[in-house]
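Take a look at this single chain in structure tokens; it is the form predicted on its own.
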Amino acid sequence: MIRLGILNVTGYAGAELARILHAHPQVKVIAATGRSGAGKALGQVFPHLAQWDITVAQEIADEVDVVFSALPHGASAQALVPFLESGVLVIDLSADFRLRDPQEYAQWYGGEHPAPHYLGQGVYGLPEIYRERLKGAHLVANPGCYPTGALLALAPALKEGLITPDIIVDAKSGVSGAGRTVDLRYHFSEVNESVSAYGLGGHRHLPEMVQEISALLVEGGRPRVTFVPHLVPMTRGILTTCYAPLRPGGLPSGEAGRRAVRDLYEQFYQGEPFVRICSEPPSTKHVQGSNMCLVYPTVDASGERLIVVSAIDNLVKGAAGQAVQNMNILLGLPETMGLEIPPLFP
């Protein structure tokens, strides 16, 4: 049995990790930390996790084979250095190892990176793009929730050179994406029956998107990406709509062009266990509680612009589920193990 530890099990992503891992037949969580729940049984903190016989601790004292970190940025890298130095496999759900440039990290996250020598050693944990690199990795940078939805929507078109790199990403997220923070903006009476845009001056997930879109561009260069996130009155889910100009002559006109785009996406994601191409635009209800990403690609009425809609659960494919998917790859286990959970509906 593979021994696991979770740093910050008392956050939403950490709790979701514990929920998913309980059904995994090859692993066992033997230690979990959480400042707000230290000294309590996990079931006292989260009654839905009472089946875990774990006391939340200040730090992981037991020997583990894999550690997940759901700590905030900055604190995560600092806490993970001892595990990396001792050879433990690390999967970081924070932003600490996603960006490769320490100066860019400092610009967007407000301080120097706690362990800059590890930047570049981690593998960006989007299995549909980096599966081969993940095999044998010792440090995985789990992608952000917004970049996951956007990159899975755009990757086939970028790899094929179908679009010009002037991209708009419009994304709408449930409130759980903000974590368990106490903030007036996320109170029920503030969020309910309201939709609001935020981060227009620059969201922290933007440089991550730009970095990974740049890597997917067939001709290289730096793309122009406009990213506008929105907060919507629901608990889970991200619906992302991406827009980009089509390269002239890249597709036939009319319905034939739409069929060609769909064929391209179906071929690109053929055999992928957690990405499905839809015949109609998806909704967040269709993925709730699951590790699925639903993708709907089409061409607008003018025939000049690609539109792609994706839907994920921000706490599963956007965080904990993708982390478990990455763990399975690292350990040479079936990629879907412990993740074959159908969505909750309605």
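These numbers were taken from a predicted model, which means no experiment stands behind them. Residue numbers run from 1 along the displayed sequence.
Quick note: we don't show the form predicted together with another copy of the chain, though the next part is all about it.
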**Q.** Candidate stretches 317 to 325, 25 to 33, 41 to 49, 56 to 64 - the one whose heavy atoms come within 4.5 Å of another copy of the chain in the predicted complex
**A.** 41 to 49
Q) Quick one: does Leu344 come within 4.5 Å of another copy of the chain in the predicted complex, counting heavy atoms only? A) yes
Q: Look up in the predicted complex whether Leu134 has a non-hydrogen atom within 4.5 angstroms of another copy of the chain, and give yes or no.
A: no
**Q.** Contact flag, Pro114 vs another copy of the chain in the predicted complex, heavy atom cut 4.5 Å
**A.** no
Q: Decide whether Glu219 counts as a contact residue for another copy of the chain in the predicted complex under a heavy atom distance cut-off of 4.5 Å.
A: no
Q | Contact residue in the predicted complex, from Ser214, Ser194, Gln121, Gln103 (heavy atom within 4.5 Å of another copy of the chain) | A | Ser194
(Q) Looking at His138, Arg247, His230, Arg259 here, can you tell me which has any non-hydrogen atom within 4.5 angstroms of another copy of the chain in the predicted complex? (A) His230
Q) Is it true that Gln78, Val88 and Glu128 each have at least one non-hydrogen atom within 4.5 Å of another copy of the chain in the predicted complex? A) no
Q) Does anything in 263 to 284 come within 4.5 Å of another copy of the chain in the predicted complex by heavy atoms, and if so which residues, in order? A) Pro273, Arg276, Pro281, Pro282, Ser283, Thr284
